[in-house]
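Listed next as structure tokens: two forms of one protein chain, kept apart as structure 1 and structure 2.
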Structure 1
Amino acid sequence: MKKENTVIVVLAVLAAVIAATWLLLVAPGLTGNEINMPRGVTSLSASHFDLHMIVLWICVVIGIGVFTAMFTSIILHRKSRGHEAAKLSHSTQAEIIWTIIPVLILVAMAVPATTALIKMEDASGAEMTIKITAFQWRWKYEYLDHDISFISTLDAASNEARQLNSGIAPESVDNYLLDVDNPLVLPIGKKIKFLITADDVIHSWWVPALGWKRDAIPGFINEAWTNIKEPGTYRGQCAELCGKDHGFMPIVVIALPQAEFDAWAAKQLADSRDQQQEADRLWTQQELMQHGEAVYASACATCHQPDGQGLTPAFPALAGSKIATGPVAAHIDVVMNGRAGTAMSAWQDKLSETDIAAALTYTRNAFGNHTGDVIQPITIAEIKRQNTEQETAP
């Protein structure tokens, strides 16, 4: 084998390997599809993106070197070209070199990796705190500094389209599977701390533009923080398998300038005062049925099904069920406190008194159930007060 030939082969292989790398790592992005991690809108997401790109490029360079050597050998050192096998079987020098150099590269990588991690884990100095409670298959957001709290669920249009053979094209739904009824609204330019937990199984709260996900675990409260730089709408999803509707548990964050956020918060407070007044009056059965149908559709129908027939065996039918047609007190107890060891959630702190009363009234008088019972919001409020006293009693 002549020397020049070897050089030409090496260069040709190098060019081919680089071309292949370009085809895999760059070209697919030209189709207009997103193929890389977003840079995001926070300092954490930017530092995670930079870290990702540094390590990716180091891998690319090492890969090009290894694959060039390998394919050069495959082309040159083949029996069909009459190449005779050399005798070499080891080289202590080479082996020391290719142990030490990777260690040095790793140390170089570890420096920015450690810095980024320390920054991410430092939630100190937060100016605002949001508590996130995950449960199957919704998110509850509590603004601890504002006395605002609400539940966020997959939007109705996506929910309808995502049913098996719904006949609705996903493309026809705006932000299919990535839209919710009540988005989390946050101010920009403020360090916001999140306290993340769960009620039933493990979930994970993830908005890629914020740069991280954090598991929501029953019995644990995890901390995380963000400081959003740009106003906008940022979408994410639950990232930890949490049951049948894991794929239908999106997250929407709307980041607003401080003044707009304050206006939003004020409106939320006013609305919740209105709701409180509503909860204190007596409702007619017709009002409760009407409101209950809406509550049932958003909170109960995922499991118990819109027609109340349930999905055996995990989700029992409500139509003609012993609970929904039996004594009222037992029914209220199951709905308020949930049922341990099943997917039935405790709704006491997740829905308002009015919502719970309406849903109970609705399920006791719909799907062919004819109990005629009317459950008032004030009754639920009273039971809730007793439950809370019991918990806090010594």
Structure 2
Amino acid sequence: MKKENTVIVVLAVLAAVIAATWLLLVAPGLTGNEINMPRGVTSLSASHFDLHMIVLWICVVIGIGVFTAMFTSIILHRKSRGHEAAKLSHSTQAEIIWTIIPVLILVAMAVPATTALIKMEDASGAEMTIKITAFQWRWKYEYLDHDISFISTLDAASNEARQLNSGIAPESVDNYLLDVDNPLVLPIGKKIKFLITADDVIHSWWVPALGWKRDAIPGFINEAWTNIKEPGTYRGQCAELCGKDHGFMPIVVIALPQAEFDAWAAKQLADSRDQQQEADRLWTQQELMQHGEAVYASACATCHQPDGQGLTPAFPALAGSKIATGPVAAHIDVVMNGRAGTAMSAWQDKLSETDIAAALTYTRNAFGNHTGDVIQPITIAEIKRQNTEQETAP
């Protein structure tokens, strides 16, 4: 090869290397934008990032080789330099080479990829188990080892700002549409198994910093696990189009050191005992109305609207409705057991006795529904007990 040709080839290789390096390492810093895959904060996300980088650099090397050969051929063997197109015939040797080399490359990528997949699916040895149940448009978390459960819903500030004609600028709300009233709290440094399912349609639980997502499918349980290495707050969203309010179904995970998590869990158990004591007493109508307004805003207003006017035909109005002003027993049955063939889901296992009683009392005495009815938590508790006995009866 002539000296000038060698120089051209070397320059072509250097240009390709410099371009690849600039795009991968320099450009993000200059623009302030991260174009690479995030590393995450778990052992799984770290292995996924490492796998991504292995495959990326293999592709970069292949790209540099291919484009160097291509541009070298274009520059050094162009027609203006007196070159003529070669007349190629069948070459068994060439076919063997261009088959074996890609196979070896694929095997080199398949080994770490398979290792990562096996690791991702292995939830054995978990030190803690959490059941996640999705339903439109919130999440229910159950700590199976701690007897703790709660529902996580879009926070009130975001929910108010998202309403049409609310008068609230979304940019004025911190973490708009990415904050919740009850975040999922987890300890760091522990292997935690998740059992993920859904109550109505297909959802998908996704927190990017954890390095994976899992579909929540009615009648089916998906497994996943995590081991968070760094304390902090990590946000995600439902990643499956699940209905009209799909965009308002965020996820917030707060990772705490073990001692802080233990303190949080102890407080949750104490609060649960206090709530049970509250459910055993008789509430005044004013107390139920005040608490019911908050429950309605969190659990009911998404469908039936803050003013109780609904969104017909899918979500009927509560103002002046035959259900909200009719027999109390029928109203309780609809709220607790849902209504087949409609968007009304069963709330018996999603809200506490106090929450259900307060929401019923509120809707029967708000929006112009002045029935004067007062539903007590002990009444709901008794109905729950009867329903449970019927379900377990042989």
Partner chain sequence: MSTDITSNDLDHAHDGHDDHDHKPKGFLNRWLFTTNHKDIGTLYLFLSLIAFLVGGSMAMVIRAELFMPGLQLVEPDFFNQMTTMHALVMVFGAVMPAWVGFANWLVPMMVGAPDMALPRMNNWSFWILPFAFTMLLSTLFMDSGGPASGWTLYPPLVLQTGNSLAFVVFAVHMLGISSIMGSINIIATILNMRAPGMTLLRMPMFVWTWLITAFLLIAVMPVLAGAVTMLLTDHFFGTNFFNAAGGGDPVMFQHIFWFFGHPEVYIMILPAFGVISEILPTFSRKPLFGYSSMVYATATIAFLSFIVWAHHMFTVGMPLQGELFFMYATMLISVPTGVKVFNWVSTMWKGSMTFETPMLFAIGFVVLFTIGGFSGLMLAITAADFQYHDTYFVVAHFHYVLVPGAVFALMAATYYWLPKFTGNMYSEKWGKIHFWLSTIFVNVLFFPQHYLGLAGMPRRIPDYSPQFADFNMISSIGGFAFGATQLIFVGVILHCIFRSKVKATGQVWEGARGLEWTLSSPPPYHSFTTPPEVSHNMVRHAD
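Start at 1 and count along the sequence of structure 1; that gives the residue numbers used here. It should be emphasised that the depicted structure is a prediction, and the values quoted were computed from it without experimental measurement. The term rigid core refers to the most C-alpha atoms you can superpose between the two forms while keeping them within 1.5 Å.
Of the two forms shown, structure 1 is the one predicted together with its partner chain, while structure 2 is not. The rigid-core alignment places the CA of residue 168 2 Å or more apart between structures 1 and 2. Comparing the forms between structures 1 and 2, the C-alpha position of residue 78 differs by 2 angstroms or more, with the core used for superposition. Comparing the forms between structures 1 and 2 on their rigid core, the Cα displacement of residue 365 stays under 2 Å.
With the core fitted, the CA of residue 87 sits 6.5 Å away from its counterpart between structures 1 and 2. Taking the core as the fixed frame between structures 1 and 2, we note the C-alpha of residue 51 moving 2.5 angstrom.
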